[in-house]
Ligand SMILES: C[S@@+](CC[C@H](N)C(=O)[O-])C[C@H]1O[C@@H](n2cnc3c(N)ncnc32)[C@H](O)[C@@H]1O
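Take a look at this single chain in structure tokens; it is the form predicted on its own.
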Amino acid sequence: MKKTVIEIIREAENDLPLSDIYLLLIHALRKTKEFLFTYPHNVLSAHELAKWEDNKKRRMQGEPVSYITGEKEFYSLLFKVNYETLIPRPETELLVDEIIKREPESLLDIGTGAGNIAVSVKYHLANCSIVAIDINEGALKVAWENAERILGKHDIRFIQSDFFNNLSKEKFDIIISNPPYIMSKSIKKLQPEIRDYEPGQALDGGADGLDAYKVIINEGWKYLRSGGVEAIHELPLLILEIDPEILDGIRTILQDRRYRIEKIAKDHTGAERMIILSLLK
């Protein structure tokens, strides 16, 4: 049975958000959103219709749109994603904003996932030396592919490492991380599309949600340039994405450590989402 773009949209509106419908149609037809608007009476081929129906079925079963299409926009760049990587979130763009504003000469990205932070920074700060690490070899492969596709020739170094284990004694202006911060007991309460599809290793922060923060905060100072930079950029820094529920726990970790809290920033929903730590001098 033949169907047009507008017929597909009208039939699916009761089942899916309009934003999902457009993304899944774009993927099925390999066309742009502008094409869908310009040619609403375009008739789908048998192959396109079958692809659309498969996309719709998977989405209605709970699979995230980004895993169906294999891509997600982040910082106005289009990143490849798959089941090995966490889907980049808009709130993580706060961290990229902060890095670009500081103009570091070097950056360490811990738990790079799809490489969205490292690649976005490199896209805007071509002279920044970047090392991106992840324990997951599959995620690193995706990150490398994103760097190749978005940046072309680049010098980002992707290293498989469990936190700092496989790093040399190189030091950085900024260490950035969006570590797992969901308490283990809360994983089962997450939305099914997150709980059942996104990699648990990138979500589960342990009993108190702080497992990764303890390692990064306790060991990170060894990999930051000592003494700080006497300039408006205020380096070196440790920049971490956070969840409001673990902020008090992070403050406890920081007691008697080598940092001071420079800034806590909120995301577009008003939730504390980023903490910036500077080294005590």
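The first residue of the sequence shown is number 1, and the count goes up from there. In this text, all values refer to a predicted model and were calculated from it rather than measured experimentally.
The discussion below concerns the form predicted together with this ligand, not included here.
Undergrad: Only one of 99 to 107, 188 to 196, 145 to 153, 158 to 166 gets a heavy atom within 4.5 Å of this ligand in the predicted complex; which is it?
TA: After filtering at 4.5 Å, what remains is 158 to 166.
Undergrad: Are all three of I8, D20 and N55 close to this ligand in the predicted complex, meaning a heavy atom of each within 4.5 Å?
TA: No, the candidate spot makes no contact with this ligand.
Undergrad: L210 versus this ligand, in the predicted complex: is there a non-hydrogen atom within 4.5 Å?
TA: Heavy-atom contact with this ligand at 4.5 Å: absent for L210.
Undergrad: So, in the predicted complex, is D134 in contact with this ligand at a 4.5 angstroms heavy atom limit?
TA: Output for D134 is yes: heavy atoms within 4.5 Å of this ligand.
Undergrad: Decide whether I117 counts as a contact residue for this ligand in the predicted complex under a heavy atom distance cut-off of 4.5 Å.
TA: I117: contacts this ligand in the predicted complex.
Undergrad: Closest heavy atom of L86 to this ligand in the predicted complex, within 4.5 Å or not?
TA: Yes, L86 sits close enough to this ligand in the predicted complex that at least one of its heavy atoms falls within 4.5 Å.
Undergrad: So this ligand isn't shown here. In the predicted complex, which residue out of S184, N82, S129, T92 has a non-hydrogen atom within 4.5 Å of it?
TA: By the 4.5 Å heavy-atom cutoff, the listed residue in contact is T92.
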